[in-house]
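Have a look below at one chain only, the form predicted on its own, in structure tokens format.
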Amino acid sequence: MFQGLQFEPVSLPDHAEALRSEVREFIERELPPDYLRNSDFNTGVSAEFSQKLGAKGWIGMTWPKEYGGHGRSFLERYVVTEELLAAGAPVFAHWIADRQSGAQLLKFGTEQQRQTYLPRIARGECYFSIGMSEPDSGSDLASIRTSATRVEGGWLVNGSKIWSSGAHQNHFMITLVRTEPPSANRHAGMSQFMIDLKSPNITIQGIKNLSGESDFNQVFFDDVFVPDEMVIGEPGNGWEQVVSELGYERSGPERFLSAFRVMVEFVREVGDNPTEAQVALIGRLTAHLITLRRMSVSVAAMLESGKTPVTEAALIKELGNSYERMVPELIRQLVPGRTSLRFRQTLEECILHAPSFTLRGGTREILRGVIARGLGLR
């Protein structure tokens, strides 16, 4: 039965828009005038910058104050997020912890976990990676094989996770594991652990992308001990928890702004005398961008109200990935004859990183399956 999608129109409140000017002033003050990075959230890492954001109260914005948060709205957080991305600010150190790991602890973690880790995340001092995908599993999380066996005082974890961004420099990984053997119910018997990435018997290997960088990693667990106090939620409830977590991962502006700087620099490059084809392309890309942003803001409002917009988030991620790949490819075909070094650097960096856009947060094939199920079509 067709269930439809819920993208209610949402306008950002005045106090959220007022925050935008403050963020822009902060960025102008903290980043050098010649600073140039793409709007891809994982292209810049700076612990110092993250800690400055924490001091401003711009990490953990929506969390309760008793856990180091600031009790602000998802829409205020949205404004801060898109301004930082638009500027290409070096936000990757704290990004995953702020976007989803902290929210996961807030929703499912123990009181001790909240009191211990959330204030550190909010200060920009504690960084997390994601342990979902596995070799030979793609984004089919139900097929994971990394296992955890009960021992005295905790669990022994064995297996491997892949495409774990930042694992070589982050402190913890929220990891989906099997605590029971597979059964007829593919979604049963999974749990989430918070694993210290400096634990003995963990090996982290970088995966180089086309630019020669290794922000992706494969992480190997060989009898890694995880104490009971690092279990998130209840053992066996992992599938429900990870589905909730994906709602935070798939719907934000980072899912369609990764190529934003390329578009901005292209508009500057063509100047006041664009060709007819360049005008048409700018209009096309802008229309896509505005539509995706309206959908994303709507999901932020749903999260604000406590909903779990799994299907809507998957749709934004799928459409956003197509857009992010389309921007550099179409712009490349209409580049003016003579271009600035600034423009070339932006475009070339985006082209080299673009293949990774579809890996983060679920492959297109899996996302389309999620969307189809959410709409009652399969």
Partner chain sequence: MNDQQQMIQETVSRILRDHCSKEVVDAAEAGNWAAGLWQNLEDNGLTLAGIPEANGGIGGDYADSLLVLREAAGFAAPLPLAETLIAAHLLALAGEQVPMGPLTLATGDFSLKQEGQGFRLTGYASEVAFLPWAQVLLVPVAGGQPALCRLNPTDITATTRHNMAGEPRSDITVDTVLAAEAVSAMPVDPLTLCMNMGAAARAVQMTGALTSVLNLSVQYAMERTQFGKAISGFQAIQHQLATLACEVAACQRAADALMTSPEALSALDLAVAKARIGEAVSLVTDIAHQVHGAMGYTMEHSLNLRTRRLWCWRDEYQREAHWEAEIGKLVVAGGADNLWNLITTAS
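Numbering follows the first chain given and starts at 1. Definition used throughout: the rigid core is the maximal C-alpha set that superposes within 1.5 Å between two forms. Computed from a predicted structure; not experimentally measured.
Another form exists, predicted in complex with the partner chain; not displayed. Remarks below refer to it.
Q: Report whether the minimum heavy atom distance between Pro355 and the partner chain in the predicted bound form is within 4.5 Å.
A: No, Pro355 is distant from the partner.
Q: Is it the case that Val335, even though its partner is missing from this view, gets within 4.5 Å of the partner chain in the predicted bound form, heavy atoms only?
A: No.
Q: Flag Pro274 as yes or no: does it have a non-hydrogen atom within 4.5 angstroms of any non-hydrogen atom of the partner chain in the predicted bound form?
A: Residue-level check for Pro274: yes, a contact with the partner chain.
Q: Would Gly369 count as touching the partner chain in the predicted bound form under a 4.5 Å heavy atom rule?
A: Close contact exists here: in the predicted bound form, Gly369 approaches the partner chain to within 4.5 Å, heavy atoms only.
Q: Of these, Arg150, Lys198, Lys208, Arg268, which has a heavy atom no more than 4.5 Å from the partner chain in the predicted bound form?
A: Going through each option in turn, the one that passes is Arg268.
Q: Heavy atom within 4.5 Å of the partner chain in the predicted bound form: which of Ala122, Leu257, Val177, Met173 fits that? Just give me the one.
A: None of the other options qualify; the answer is Leu257.
Q: Should the three residues Leu19, Arg29 and Leu347 be counted as contacting the partner chain in the predicted bound form, with contact defined as a heavy atom within 4.5 Å for each?
A: Not a single residue of the candidate spot has a heavy atom within 4.5 Å of the partner chain in the predicted bound form.
Q: Of these, 184-192, 231-239, 283-291, 213-221, which stretch puts a heavy atom within 4.5 angstroms of the partner chain in the predicted bound form?
A: Among the listed stretches, the partner-contacting one is 283-291.
Q: At a 4.5 angstroms cut-off on non-hydrogen atoms, which residues of 299-324 are near the partner chain in the predicted bound form? List them in order.
A: Leu315, Glu318, Leu319, in sequence order.
Q: Rigid core fitted, is the C-alpha displacement of Val370 between the shown form and the other one 2 Å or more?
A: True for Val370: a C-alpha shift of 2 Å or more.
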